[in-house]
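Here's a solo chain for you in structure tokens, the form predicted alone.
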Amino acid sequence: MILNETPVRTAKNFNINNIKLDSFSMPQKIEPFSNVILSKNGKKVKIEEDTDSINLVYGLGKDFLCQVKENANQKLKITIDENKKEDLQIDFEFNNKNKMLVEDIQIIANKNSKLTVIIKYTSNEQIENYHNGIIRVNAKENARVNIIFVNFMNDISNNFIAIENELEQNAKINYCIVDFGGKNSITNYYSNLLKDNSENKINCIYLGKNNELFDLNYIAELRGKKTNVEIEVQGALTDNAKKHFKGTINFKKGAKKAKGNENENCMLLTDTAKSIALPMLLCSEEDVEGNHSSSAGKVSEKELFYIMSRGFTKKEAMKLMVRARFNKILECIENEELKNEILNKVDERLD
């Protein structure tokens, strides 16, 4: 199966234009999924069990899109009215009776609204699960949307997610993505900054172990004047884990004085972990500012020695270094309980 295409093709020898999954077979029969917990602070948000028709610009591929369109076993349309503020959490918990989740989540933030949504996927039992999800966010004029996306699926499951955003005048969408699970964890992220002064910030951390594969394809198209996109990705890989990062910032005609920055950094904790990165800037407009950087490398022996000289074991020292790298990203999470759970999961995955 070939999926998660880059918007612009690069040389074949980079092996990053798409991802090929030889050992994966998409399930044809989707079982029900009922283990969903919804919690919210008030009654200012409307939740419906049906969504509008889907038509993604990119996405993971035709097969994954069709599966959600035809066989979604969870549909949530979340709407917050003008000038309202609300917090919402959605927990999807996999277990022996809920092994397959195919969901369509649509979020509409109307004018001047403020919405924070935590979306969390957990599979504590060591059984193989399947997740194929689509999240669509429409931020109207002057709306503020914060999405915290947490993937705690186990390392024998498959996780596929397509995220698409549309930002109108002066709208802001912030994402904090924690990607810690899945034998295959494949993400396609697309933002369309349509109107002037809109802003999208994406902060992501990933942590791979064993033979896990992460394929991250982040795409932002800036169309409005003075639009801004910030992509910050920090990750760590141990054992035989692999990661592909593809980040594309595209300044379209009309995006005068727009800004785009992307940075991806990967810590390689073993000699057998592998990282490939492709940051791209595309431009068809003048008077814009774009920056990109990417790096991967082993843990600094000097830093490791310094921490170990304070009485820590090598494993403890590595945990501290990974935690320190992730802490900057996690500052965007105000929920202290969730933040501590993420940090504990870092320790657990590095044991």
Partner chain sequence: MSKTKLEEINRNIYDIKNKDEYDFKIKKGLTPEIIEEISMQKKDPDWMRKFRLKALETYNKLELPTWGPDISELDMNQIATYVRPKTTLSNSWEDVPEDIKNTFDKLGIPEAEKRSLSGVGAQYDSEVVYHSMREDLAKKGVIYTDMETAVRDYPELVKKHFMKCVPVNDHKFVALHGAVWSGGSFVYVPKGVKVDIPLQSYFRLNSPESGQFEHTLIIVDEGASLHFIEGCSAPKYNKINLHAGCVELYVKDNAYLRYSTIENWSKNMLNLNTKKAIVGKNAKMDWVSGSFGSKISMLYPMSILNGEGAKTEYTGISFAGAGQNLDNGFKVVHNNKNTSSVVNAKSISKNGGKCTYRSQVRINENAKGAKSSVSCESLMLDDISISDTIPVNDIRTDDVEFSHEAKIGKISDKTIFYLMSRGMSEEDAKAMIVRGFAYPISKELPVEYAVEMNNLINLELEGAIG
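Numbering follows the first chain given and starts at 1. No experiment lies behind these values; they were computed from the predicted model shown.
Omitted here: the form predicted in complex with the partner chain. The next part is about that form.
Not displayed here, the partner chain is kept clear of residue 226 by more than 4.5 Å at the level of heavy atoms in the model of the complex.
Interface membership of residue 288, defined by any non-hydrogen atom within 4.5 Å of the partner chain in the model of the complex, is confirmed. Contact check for residue 20: no non-hydrogen atom falls within 4.5 Å of the partner chain in the model of the complex.
Contact annotation for residue 8: at least one heavy atom lies within 4.5 Å of the partner chain in the model of the complex. In plain terms, the part of the chain that comes close to the partner chain in the model of the complex, with a heavy atom within 4.5 Å, is 8 to 16 out of 21 to 29, 323 to 331, 8 to 16, 338 to 346. Among 308, 65, 57, 283, the residue placing a heavy atom within 4.5 Å of the partner chain in the model of the complex is 283. Checking 85, 75, 274, 111 against the partner chain in the model of the complex, a heavy atom within 4.5 Å turns up for just one residue: 274. Contacts of stretch 292 to 307 with the partner chain in the model of the complex, defined by any heavy atom lying within 4.5 Å, are made by 292, 293, 294, 295, 296, 297, 298, listed in sequence order.
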